[in-house]
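One chain is shown next in structure tokens, namely the form predicted alone.
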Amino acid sequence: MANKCLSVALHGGAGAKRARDYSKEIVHMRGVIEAARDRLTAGASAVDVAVETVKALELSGLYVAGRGASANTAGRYELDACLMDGAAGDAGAVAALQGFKSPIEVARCVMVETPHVMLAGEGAALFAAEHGLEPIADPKAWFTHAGTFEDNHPPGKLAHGTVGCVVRDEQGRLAGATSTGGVFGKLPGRVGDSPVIGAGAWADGTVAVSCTGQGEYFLRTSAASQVAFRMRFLGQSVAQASQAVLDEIKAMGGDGGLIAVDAVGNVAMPFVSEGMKRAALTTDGEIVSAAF
């Protein structure tokens, strides 16, 4: 029998600064969660909702991912994304993708249409074009520059922005997805944690996770999968495991946050940065949306 215990959480990045007003993002995130709730209630799968939610965040231009991404030092927009289906163990990712509106859609296409997990650079773009995914006709007109060096950190300080979603559907299936424009002022070809399964996102039968922050630290700690392994092998709760991973990253000198949902719908949204734009639907039907 299907379990109607639905949960979904999203993040719009852990780069929030108290000097900025995020009221528009908070309203937008609530609306995206409401749409996700309605899709889940109608029987949509965790994977479908994770992709749709991240795509909505990408296309909004409000976050440093998708349309709101920042250019690299060569003036080009290289975008990353990944998706993992916890029920099937399937995953797809793209890295350093140029020229397409929704990196998460390309990542899903990689998962569904190829035997691979990740495509990168020119190969990812050729693949997206061959599969009819929507291109960006004019980058100068498309990108909204949701973040700048001035409102985050100076170049070279790993200033960051990412979006993500984790879902538990009515069948108890879990999925996690992450998409990013990367750190501000990044070198051409730089790839952080966001497209790397186990670092930027993870989903299995225990938990779904999406990370945001200074990706170099999340890579070094295998942050997303470490949450799952702490739960599976140490018996930690989703809240305990999530916080322990972030404490490790903080001790290394990094910052960021993550969202996670476990097999029974418990949601965790901790961060060790100044703020994290985030929203969630909990198992009791409550919706929360906040930046700090």
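Don't overthink the numbering: it's just position in the shown sequence, from 1. It should be emphasised that the depicted structure is a prediction, and the values quoted were computed from it without experimental measurement.
One more form of this protein should be noted, the form predicted in complex with a small molecule, which is absent from this view; the next part is about it.
Arg190 is the sole member of Arg76, His131, Arg190, His116 with a non-hydrogen atom lying within 4.5 angstroms of the small molecule in the predicted complex.
Contact with the small molecule in the predicted complex, defined as a heavy atom within 4.5 Å, is made by all three of Gly161, Thr180 and Val183.
Residue contact check for Ser102: none of its heavy atoms lie within 4.5 Å of the small molecule in the predicted complex.
In short, of 105 to 113, 132 to 140, 88 to 96, 214 to 222 it is 214 to 222 that has heavy atoms within 4.5 Å of the small molecule in the predicted complex.
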